[in-house]
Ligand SMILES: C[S@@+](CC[C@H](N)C(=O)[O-])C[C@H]1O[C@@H](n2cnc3c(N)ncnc32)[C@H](O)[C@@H]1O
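Take a look at this single chain, the form predicted on its own, given in structure tokens.
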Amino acid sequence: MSGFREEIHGREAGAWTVRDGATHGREVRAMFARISGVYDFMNHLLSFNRDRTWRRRVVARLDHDTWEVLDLCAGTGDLALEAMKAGRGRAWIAADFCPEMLEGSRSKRGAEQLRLAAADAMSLPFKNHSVDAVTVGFGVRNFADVRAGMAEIVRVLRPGGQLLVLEFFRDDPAGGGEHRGVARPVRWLLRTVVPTLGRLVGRDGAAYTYLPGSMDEFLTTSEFSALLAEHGFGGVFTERQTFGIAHLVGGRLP
């Protein structure tokens, strides 16, 4: 990567953009294509399998009468498949801008019921007000323009629709309470051990240097919650996962 975020504009105002979104998109897409074969294994390894629990907690927040679920930045489809397994939704779309990642879902149980869509979150190929819920698991950090991505999510959601985002947010030491970020020892672990394991096990140290680097440059949970409110979401909540390693932030359109 030539730099995770060469320039950050207006973080205080809730924006998080890159100067050259096209280049950023190409680099991130190529990175995920390289690691698509080890992506699931590394997720489970680096989270000590906690990622499975985190996804179940996201799905548990979906309304029981949800019909269409759009899993954005779906990767290999685990979050969409978890929603299917739990009976949340009747139709599931797994969308990701990296076709190689989506291909990794095809061998999984229930994958034949997924609608796979190679789609960039900056310009979604879906009609206005066409889905009941959008889930995003560890993908918002990769948006070239978070505000533009939020606008697209709002566009495709129906009135009353839910947005549920599971993410590694930047530490927020001033937030306190449920907004506290990752503890210092965990931060140290992410900065040192993750790139090493990525190099030795995942065979791609650069890709797994991106994780802690992008965490340190992303929004805090407070900033992201404000961004959701700015885009019309009400009932915005934050739920810490495993000592603040990850957070679930969600809301609902009126």
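Residues carry their position along the shown sequence, with the first being 1. All values derive from a computational prediction rather than experimental measurement.
A second form of this protein, the form predicted in complex with this ligand, is not displayed here; the remarks below concern that form.
Chemist: Which one, 25-33, 224-232, 188-196, 60-68, holds residues whose non-hydrogen atoms are within 4.5 Å of this ligand in the predicted complex?
Modeler: That would be 25-33.
Chemist: May I ask you to check whether residue 119 falls inside a 4.5 Å heavy atom distance of this ligand in the predicted complex?
Modeler: Output for residue 119 is yes: heavy atoms within 4.5 Å of this ligand.
Chemist: Wondering, does residue 137 line up within 4.5 Å of this ligand in the predicted complex on heavy atoms?
Modeler: Residue 137: yes, in contact with this ligand in the predicted complex.
Chemist: Answer yes if any heavy atom of residue 105 is within 4.5 Å of a heavy atom of this ligand in the predicted complex; otherwise answer no.
Modeler: No, residue 105 is distant from the partner.
Chemist: Is residue 161 a contact residue for this ligand in the predicted complex, using a 4.5 Å heavy atom cut-off?
Modeler: No - in the predicted complex, heavy atoms of residue 161 and this ligand never come within 4.5 Å of each other.
Chemist: Note which of 111, 146, 83, 101 lies within 4.5 Å of this ligand in the predicted complex, where distance is taken over heavy atoms; exactly one does.
Modeler: Exactly one residue meets the criterion: 101.
Chemist: If we check this ligand in the predicted complex, which of the residues in 69-83 reach within 4.5 angstroms of it by a non-hydrogen atom?
Modeler: In sequence order, 73, 74, 75 come within 4.5 Å of the partner.
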